[in-house]
Each structure stands twice: as C-alpha cells, then as structure tokens.
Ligand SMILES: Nc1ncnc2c1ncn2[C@@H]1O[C@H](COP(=O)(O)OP(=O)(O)OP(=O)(O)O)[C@@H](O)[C@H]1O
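In the block that follows, a single chain appears as structure tokens, in the form predicted alone.
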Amino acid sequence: MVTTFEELLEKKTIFVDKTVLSPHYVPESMLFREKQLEEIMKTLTPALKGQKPRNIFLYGKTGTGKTSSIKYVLNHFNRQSQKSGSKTEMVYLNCSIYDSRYKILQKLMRPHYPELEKSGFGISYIYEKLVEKLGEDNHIIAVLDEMDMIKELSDLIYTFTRCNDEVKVGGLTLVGISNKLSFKNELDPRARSSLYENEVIFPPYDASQLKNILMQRIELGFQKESVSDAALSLISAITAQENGDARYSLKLLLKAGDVAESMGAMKIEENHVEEAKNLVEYDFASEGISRLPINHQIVLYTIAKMSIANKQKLTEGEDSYLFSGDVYDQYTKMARKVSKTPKSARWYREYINELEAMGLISTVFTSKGIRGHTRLIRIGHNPNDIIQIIEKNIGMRS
C-alpha cells in the first residue's frame, strides 16, 4: 500500500527541526569562537564609520566554524549598517559557484545596476560600475568563501586593489576564507604584495567542544531525551579523533537519527551511530573529493589503486603505507592516460599536504635506513569508494 502524506505527517518522529543540523544554519550564539568573532568584528568596524577596513583572511580546516562565523558577523553587520544609515554593505559569495573575476564583479554590482541581470556586458563595463559605486562614498565588504577555488585569483585581487586606488572616498574590502594556509603562495608577487590583511585561524574543535555544540543543536532539533548520552559522547569522540569537523558531527547526528527511525527506535543509541558512520564517511568523502582540482583527484586515485593492488607497499604493524616516490611515478603515468600534463614533484608534495589536511590520506616520515629519509602515505578512506567517486567525477580509468 502506498504511503500518504497524511500518514507521514501523523507518524511519530524524534526530530523537531532538521534545519538546525544543516551546515547552513547559523546559531544565535557561536560556541567556542568568541575570540575569532571579536577579531573579525574589530577589523570590519571602521567601515561603519565610513573608513576602509583592512582585508582579512580566515583559515582553518573544514568544519571549524569559518563560514558560520562570517555569516553570523554579516547578519549583525548589515543590521547595524541599516540602523545607523551607513553606506556600507557586506556581501557573501560562495566561490565554488562564483569562481571567476567576471562572476564575482557581476554578483557584487547586479543589485545596484539592474541592467547587469542581462548577459553581454564586458568586464571593463562592470569594473567601471564598481568604481562609480564606490566613488559615491559606498563601502563594500566582499566575503569570498572557498577563495582558493577562484580561477585567476591574482587578477581578481589586483582588480580590487586598482579600484581602491581609483576612488578618493569609499572602498572595497576583501574577506577571504580558505581551508589552505598555503593558498597565497600561488598568487603572483604583484597580487601578494597588494594584500594588507589580518589573519584569523580557526583550530579544530576538541571532543568536549563538539559535545557542547551538539547539545545546543539537539535542544533545538530533537524531541526531549531522544539522544542518549552514550551516543552523544560517541559522536563527539569519533569526530574529534578524525578531524574535529563540526559539520561531520552534525551530519553523523542527523544520519543516526534517520537510522534510529528506520529501525523503529525513538532514541538514538550507540549502535545507530555506528550504523550511520559508514554512510556519512562516504557522503563526506564524495563531497570533498568532488571539489578537488583534477590533479589532486588523480593523485588520490593513484593512491587508492596502489593500496588495493598491494604493490610496492611497506607494512608497519596493522598500517600499510606506500612510498611517496612510487606514488609520484604512478601519478605521472595516470595523468598522461587522461591527457593531463603531470605536475612537478614540488606541486605533487603540495597536493599530498592538502589531501592529508582534508583527512583523505595520512603520512609519516621514515628514519634513515628505509630508502633514506622518505615519506610514507596511507589511504584514509575505503579505497574502493574513492575509486568509484573519482571515476564518476572525471571518467578516470586506469
């Protein structure tokens, strides 16, 4: 018999509001980020006085509260700006969507110049509109989330710098958000020298902090006493051990709730968390890998393939590692198979660092005696899952 909407609406559920478990939800109070919030707000406050603030960059691994914190600041900033009649605005852009200089400038100016809703305007025209807008003593704070996803980032930064040089009043301030501390190294010297910025670091959450964040969301999102203390502690411990990613812990809590309901339970217990863990790991791996540049994916694909093949592998206890040099050799062959020019060993080392920062691999350095002082690599997720994800993303075939 087909289920009806009426039956679904009447069905008992342990959830009150699933939206509070979403990574897009911004809580009324940001736990354990008071120091970072104060630094961001102090940096941007001059704009409310008609002065140009310094640029500011937010760094930290995924799930450390960067985006939630800046959206929290944005809401309060724009509210205060409207209240005081300040000619300043704070605009948020996700650079996985707005990933070019043209798209970003168009997004910033479209609310002020309706004609830009239509396509066909050149970048020079949009740039002139930006200068015109700023020249009327307006201040724009552009929040560029996942800034390292922008193509020709150096050109964008230089454009921002140039427009500030052209106006006597008003100005444009950049708030950059990145998971990679090293992304500025990829900028050309001209763009790098033009940045005069503050930096705010977001460290991973520990188990105690994660538990408090989860309790905050449980109070809003679940029926009373529908999450056991043991399940809550397990989610916090798993997340802290993996990467301290609050998004992961919230997704695990949500998925555990779904698992519990599917089993007819009205309270989340440890077994529901364990069942949900594999589902969440695949989802997060897929999401993270899909956003990687192609060379990162080819390196990761190579590591997964070599791990399964059990070739050229050093075993230490229960952990199996691959020699970094062997992985690089195989990566160059894989890259050529998909008609990509392999990157140099220096760039390859950067890719390994970034894959490790995302928790997709782990590495250790050997002492002298095993091929000298070398790096060993171990896959961080199910290699079959990684291969399936990458083959689907880029049509990779070995």
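In this text, residue numbers run from 1 along the sequence as written. Values in this document were obtained by computation on a predicted structure and should not be read as measured data.
Unshown form predicted together with the named molecule; subsequent notes refer to it.
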Per-stretch contact check against the named molecule in the model of the complex, the hit in 327-335, 65-73, 39-47, 346-354 (non-hydrogen atom, 4.5 angstroms): 65-73
Heavy atom within 4.5 Å of the named molecule in the model of the complex - the one residue of His296, Arg291, Lys103, Lys255 that qualifies: Arg291
Selected contact from Asn198, Gln216, Ser81, Asn164, since only one has a non-hydrogen atom within 4.5 angstroms of the named molecule in the model of the complex: Gln216
Within 4.5 Å of the named molecule in the model of the complex, all of Ser22, Asn179 and Ala246 (non-hydrogen atom): yes
Any non-hydrogen atom of Phe222 within 4.5 angstroms of the named molecule in the model of the complex: no
Non-hydrogen atom contact Leu250 with the named molecule in the model of the complex at 4.5 angstroms: yes
Any non-hydrogen atom of Lys52 within 4.5 angstroms of the named molecule in the model of the complex: no
Tyr205: touches the named molecule in the model of the complex, heavy atom cutoff 4.5 angstroms: yes
